[in-house]
Ligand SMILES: Cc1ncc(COP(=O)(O)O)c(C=O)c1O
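Let's start with one chain on its own, the form predicted alone, as structure tokens.
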Amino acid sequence: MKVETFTLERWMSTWEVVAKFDIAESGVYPLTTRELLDFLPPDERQSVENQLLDLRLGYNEARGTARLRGDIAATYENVNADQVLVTTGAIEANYLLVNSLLEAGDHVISVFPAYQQLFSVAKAVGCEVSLWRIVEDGGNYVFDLDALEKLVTPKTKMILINTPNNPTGALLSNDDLKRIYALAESVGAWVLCDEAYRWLDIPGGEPLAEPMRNLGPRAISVGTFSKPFGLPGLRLGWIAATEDIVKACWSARDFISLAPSGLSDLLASVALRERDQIVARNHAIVQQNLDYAEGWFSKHSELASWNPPRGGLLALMKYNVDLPSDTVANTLAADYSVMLAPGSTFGYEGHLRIGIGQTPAIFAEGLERTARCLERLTLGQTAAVGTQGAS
């Protein structure tokens, strides 16, 4: 199987070890192991520390430990540990599901824009992919369910969605998910919902919808410890689906990553049990960054604008310079040490992806440097226009 270039990941890997002010990051600022264990009561913390230090560094249970799978299953309705597969991040979960459930010639519908993996892997399998485009309405990015209904055919085998959406911050409601599930069920299709931003609601904002998995046997939820828990270094995600789907994906991953890390498995179980404290920590970061961003965009409205995320951590910044987004993003990274991902990697030229999960100090400095960059680029264009006029 030959997959097209993952343009966002190639761009991110070019600059993420160079730029000091990463405000394109899609997750919340990572926790240290110490910070994670500090959420535990003292006696329990000591017990977990001992478990970590005494854990033999052999192969872990291939599906993920029964303890972790049980903890994950408990976050859904009517799901048991055998209906959960622990994976190497959500990215492996999505890859396994598409390759296990789809074949060349199948019709697939993918939300767009989205993390490129959702539709690129299906294309590589040989599927016919229709893009369900998010639209702007009243200052917000929204899912147009009437448009989705027109895309569904008797040949549709899977609908790929993610909510809150990466990169627009758009949300699907419970009623929306039920309508999508009914559409899929009517033609015998699956719904794969990438829920990387589960538990990452906006403080004081709309509540997030329930997990797709709760809606029925054709619903599949994918989760991760990277985004909502601030633990991308654990490289753990999961699939919640029917037992036959989980078994199919488990068989496929025997040829890929075999088993998750035992150390990661133990720390993930701690994070899941202490998620209320982690959510409170995330809310504090997000609220401070949102407040700063609102002031920054108001002050620099001649340079840029945005639709704030309705959920999750991501939004698209529209800049007022007539230059390609990769030119602007590369200039920011090379000359100002700021990462804002080019919108072209999502099919949104004239935009940059911004994330609100970074530490408030880095986030604020990143935006101030962005203002200086956009001002310079604007002056450069104005001078160029003036020179052309004089000639």
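All residue numbers are counted from 1 along the displayed sequence. Just so we're clear, the structure is a prediction, and the values are computed from it rather than from any experiment.
Keep in mind that the form predicted together with the named molecule is not shown, yet the notes after this line are about it.
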Task: Which of 198-206, 91-99, 145-153, 286-294 sits within 4.5 Å of the named molecule in the predicted bound form, heavy atom basis - done: 91-99
Open item on the list: in the predicted bound form, does Ser110 come within 4.5 Å of the named molecule, counting heavy atoms only?
Closed with: no
Open item on the list: Residue-level question: is Ser26 within 4.5 Å of the named molecule in the predicted bound form, judged on heavy atoms?
Closed with: yes
Open item on the list: I'd like to know if Arg235 sits close to the named molecule in the predicted bound form, meaning any non-hydrogen atom pair within 4.5 angstroms.
Closed with: yes
Task: Partner proximity in the predicted bound form: Asn282 to the named molecule, non-hydrogen atom cutoff 4.5 Å - done: no
- [ ] Answer with one of Ser226, Thr75, Ser261, Ser120: the residue that has a non-hydrogen atom within 4.5 Å of the named molecule in the predicted bound form.
- [x] Ser226
Open item on the list: Which residue, Tyr115, Trp190, Tyr319, Trp132, is the contact with the named molecule in the predicted bound form, using a 4.5 Å heavy atom cutoff?
Closed with: Tyr115
Open item on the list: Under the 4.5 Å heavy atom criterion, name the residues of 151-188 that approach the named molecule in the predicted bound form, in sequence order.
Closed with: Asn162, Asn166
